[in-house]
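Let us start with two forms of the same protein chain, each given on its own as structure tokens and named structure 1 and structure 2.
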Structure 1
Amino acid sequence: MVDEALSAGAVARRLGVAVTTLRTWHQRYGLGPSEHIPGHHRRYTPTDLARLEIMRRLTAEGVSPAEAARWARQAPEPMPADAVARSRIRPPGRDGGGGTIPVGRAGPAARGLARAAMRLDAAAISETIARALTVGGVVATWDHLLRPVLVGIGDRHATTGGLIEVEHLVSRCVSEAFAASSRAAAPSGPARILLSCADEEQHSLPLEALGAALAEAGLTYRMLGARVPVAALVEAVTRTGPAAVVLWSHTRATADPTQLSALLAAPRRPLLVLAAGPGWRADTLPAGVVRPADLAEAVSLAVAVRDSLDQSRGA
């Protein structure tokens, strides 16, 4: 609880929702700021915040917005026990494993993003990601905000079969955020890094995170995306001559080491071949292939190749 009235932006950050969501709750359900100072915007009092917290919690657990608002307007009085019980009832076909996304020890921003994801609140999801990218950069956003939520969605789906719609919406928002980040950085010059998913690999978000991180570090790259057959990948390497190639595999099923061997045997063999992702096993990698431990190491290796090229050209 806070001791002073808050602006809409401050309340949105505290609850992990978009300002537009607060505006909707105000206009449709009367859950708006109650403190008014002439000549200034209305501000949210502690009582307003308590009501909004109930609204956020109940809608995240599957209660309809109108029903959640009805209970929220009764705050700060405690909700009746039967209301709490009904807020946890799941209709048939819903995820019986609970109405939240587990994020482990991740911080408040990840918990707020998880709540927004459960509400299918695209505006809040996008705002949260954009704010994190501005404040902490791509690597920190991926490691501390996005990965915990994406892993949590995957874990919940594995146990319940649900949250497919949540995963699709969050993935789209993440892709859009990384694309915007890459465009904003937009380093000039020829693309030195080639990014590709392994054959039949469809999980491309980590590769998109790497692309955004490379752009942020001032490196140009070319993205081939998901499900690239090895023949097409080798053809792209032969035609463009990248200094480094990153081949992403999320699962063992797509981590065929012969794809890496084909890269090493390409007519224009890259200086660096990275086998990125949990699908690859270190003991199956061909000699000369590097397996980065995480996003930060992949970026560091790419930067090292860029610097080595620059030094050799300047010599």
Structure 2
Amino acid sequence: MVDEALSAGAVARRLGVAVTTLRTWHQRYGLGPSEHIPGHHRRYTPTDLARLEIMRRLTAEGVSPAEAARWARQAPEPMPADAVARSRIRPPGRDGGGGTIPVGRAGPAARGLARAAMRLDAAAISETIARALTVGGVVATWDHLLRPVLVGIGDRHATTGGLIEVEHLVSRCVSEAFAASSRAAAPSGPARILLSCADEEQHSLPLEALGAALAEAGLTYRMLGARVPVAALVEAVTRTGPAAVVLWSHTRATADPTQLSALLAAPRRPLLVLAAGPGWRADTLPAGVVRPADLAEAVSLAVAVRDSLDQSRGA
């Protein structure tokens, strides 16, 4: 009594791909039900499903679909994922498809992440990010994995108008991963760095990346989050007296230099004010504000502030 014979639709739903894709995988790669009479409906046994699961996992790791299919086809038992991840060089094989996210030459990991995102596979997304974080650290993960994928999703969303769910899901997973990373390497001591988004700015992911990078570098910080009004920001500065403040602006619309001036004029003026993000324009920044080019520079600036503080205190 094997009631586990899943239909094509059920399997597609479980994997997160379209039904037509299942058919394509069957006829292109031979990844179909073990017994299938042409013309009749496909009935996937648990074994067939396991094969497809392998296919799903490998593609989520960035392996070319053709290659993944070859592996899945002759896979008597679940294979170690390490061996796969280790072989970074992909055999010649292009990639694409209507529902993919452009990641350029950001590497197979980014490609896999994009695929997992498209099928709303939160588990695979989180796993990929977590692995990248432990292997390459926060800065590298952000620059070479997360940012390309996020930019790709953003571009696609800007042109087609869709993919909003994908964007939200990925953002959430990234946020969670950063939070977990920060928590794992959480240093102690007073927080002397304040991270905040500009007023009306709702993209906080880059700031969270910075926070995770700071935690990784042994720095403590305070994160105010998105959409912080100037009054609230100044209020927080005067109350906590941070050594450095990072203000993130993603677009020009939220990059009001007045906010930076307000920071510089605050009662307890921070040693360092960083205007981070592509929103700021160099020629409109008030004097005394530093504009880091990328995540790495922001981190090194923060580290420098910490060192100078330690030195001045003679600790």
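All values reported here derive from a predicted model rather than from experimental measurement. Every residue number counts along structure 1's sequence, beginning with 1. So that the term is clear: the rigid core is the largest set of C-alpha atoms that superpose within 1.5 Å between two forms.
One chain, two forms displayed separately, with the form predicted together with a further copy of the same chain being the second of them, structure 2.
With the core held fixed, Leu272 shows a CA shift below 2 Å between the two structures. Relative to the superposed rigid core, Ala18 undergoes a CA displacement of at least 2 Å between the two structures. Comparing between the two structures on a rigid core frame, one finds that Asp48 has its C-alpha moved by 9.4 Å.
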